[in-house]
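As structure tokens, one chain now follows by itself in the form predicted on its own.
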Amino acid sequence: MRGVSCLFAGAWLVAAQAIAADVEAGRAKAEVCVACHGLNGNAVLPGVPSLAAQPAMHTFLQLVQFREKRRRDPQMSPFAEKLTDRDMQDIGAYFAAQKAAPSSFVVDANKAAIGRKLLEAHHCGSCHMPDLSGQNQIPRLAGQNVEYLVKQMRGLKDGSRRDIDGTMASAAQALSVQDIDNLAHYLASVK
């Protein structure tokens, strides 16, 4: 319980600092991100998440996880290890200020319909917001890359992907491989 209290105290401190984050400084610091995450954070590469319109705190905390080696990725880990907290706050603020472009992925309508029912049954909107835009440390899922969503949900289920407090890892346990695919199709279809 103490760890959870520390996590939330830290999140409030981050939120207070993020208010002072500099979007323009973030634009300059995020120039290298465009190669993978796309112009203004709208990714077009399969398996790469769009960062546009992600809550600033979410982006900040993901970068912290990469820097502190709680998450590992061949491209992200070396990039994040060089960032200061201020750099990460500015980058988070920049991407949060960008408009998310609609996904160009052609979803399977049948899978998306099943995915919507799963989303409602598992109450995903209670944390990710009813419009799936995310909030605070919780990511925007609406219109996100299907391959990325599938990879992350499978990783949360099998333990190869850690989240900050275990909430999503716990939620993913109830999902089958087919559930994950259906959910990803629905999430990608949300504007």
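Values in this document were obtained by computation on a predicted structure and should not be read as measured data. From 1 onward, residues are counted along the sequence shown.
If you look for the form predicted together with ligand HEC, you will not find it shown, but the lines that follow are about it.
In the model of the complex, ligand HEC sits beyond 4.5 Å of every heavy atom of residue 155.
Mapping the unseen interface onto this chain, residue 123 counts among the residues with a heavy atom inside 4.5 Å of ligand HEC in the model of the complex.
At the 4.5 Å threshold, heavy atoms of residue 44 stay clear of ligand HEC in the model of the complex, well away from it. Ligand HEC is not drawn, but in the model of the complex it has a heavy atom within 4.5 Å of residue 76. This chain appears without its partner; in the model of the complex, the one residue of 142, 138, 146, 53 with a heavy atom within 4.5 Å of ligand HEC is 138.
Contact with ligand HEC in the model of the complex, defined as a heavy atom within 4.5 Å, holds for exactly one of 113, 101, 83, 107, namely 83. For a residue to qualify, one of its non-hydrogen atoms must sit within 4.5 Å of ligand HEC in the model of the complex; none of 177, 185 and 190 qualifies. Shown without its partner, the chain has 36, 37, 47, 48, 49, 51, 54 in segment 36-56 as residues with a non-hydrogen atom within 4.5 angstroms of ligand HEC in the model of the complex.
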